[in-house]
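First, one chain by itself: the form predicted on its own, in structure tokens.
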Amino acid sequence: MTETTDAAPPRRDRLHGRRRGHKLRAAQQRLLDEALPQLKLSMDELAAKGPAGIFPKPPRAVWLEIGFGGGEHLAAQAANNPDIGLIGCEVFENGIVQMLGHVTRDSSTNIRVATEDARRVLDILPPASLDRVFILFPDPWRKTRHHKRRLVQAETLDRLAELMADGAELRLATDHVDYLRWMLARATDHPAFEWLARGPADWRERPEDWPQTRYEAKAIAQGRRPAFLRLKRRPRI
């Protein structure tokens, strides 16, 4: 039998949390059964067609969101940028259902969804194929022994540097102070990325074209101040 890219990958350290939460209601299950197949992205399809070829219409650019949570940001970006193709990665079933509700409401057709470990997507994407990448409020994995599971690692940044076009933007957000220090230490030290902040407002205030997520709203309600980091892929030499 010929091995395909959708075969089970070698075991890696888990970066994501649980895959399922509360049991889906009947309407949510129907949404998952009926809407997800229209948007779900297989690794074989991505490998065969490339990121620009997986959308109904060729997009002007391709953006990637890793861990889209409830999909508020992903759906809003798709609705606000119909000429952009968006790939969203998320393993949490309840979050995927919420995202499908947003997309169905907006009738967006420029989204494809990968429901497995985002690293499989990163393994297949070709170099310089992404114009923007979002990693918003990832699990901080608070315990020291779990820090190796944090998504923002040197290895991840190395791979994103390969996949992002010159001038492409990497957007990071967190409300966890220790993870913010962690992100800054790794991202600003990486030779491929330039931090775009010129003053405190540039990381304390969310830009107008950066839709709010429920995680940000929750953090603010609980008295935590989120940080918003924008980094640019430096030109290749």
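Nothing here was measured: the structure is a model prediction, and the numbers come from that model. Sequential numbering from 1, following the sequence displayed.
Below, we refer to the form predicted in complex with a small molecule, which is not included among the displayed structures.
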property: Position in contact with the small molecule when the complex is considered in the predicted complex, options 106, 123, 166, 139, heavy atoms within 4.5 Å; result: 139
property: Among the candidates 118, 76, 157, 100, the residue which, in the predicted complex, approaches the small molecule to within 4.5 Å (heavy atoms); result: 118
property: Interface stretch in the predicted complex with the small molecule - options 37 to 45, 23 to 31, 208 to 216, 186 to 194, non-hydrogen atom within 4.5 Å; result: 208 to 216
property: Partner contact for residue 63 in the predicted complex: the small molecule, 4.5 angstroms, heavy atom; result: no
property: Exercise: residue 89 in contact with the small molecule in the predicted complex, heavy atom 4.5 Å; result: yes
property: Exercise: residue 67 in contact with the small molecule in the predicted complex, heavy atom 4.5 Å; result: yes
property: Partner proximity in the predicted complex: residue 84 to the small molecule, non-hydrogen atom cutoff 4.5 Å; result: no
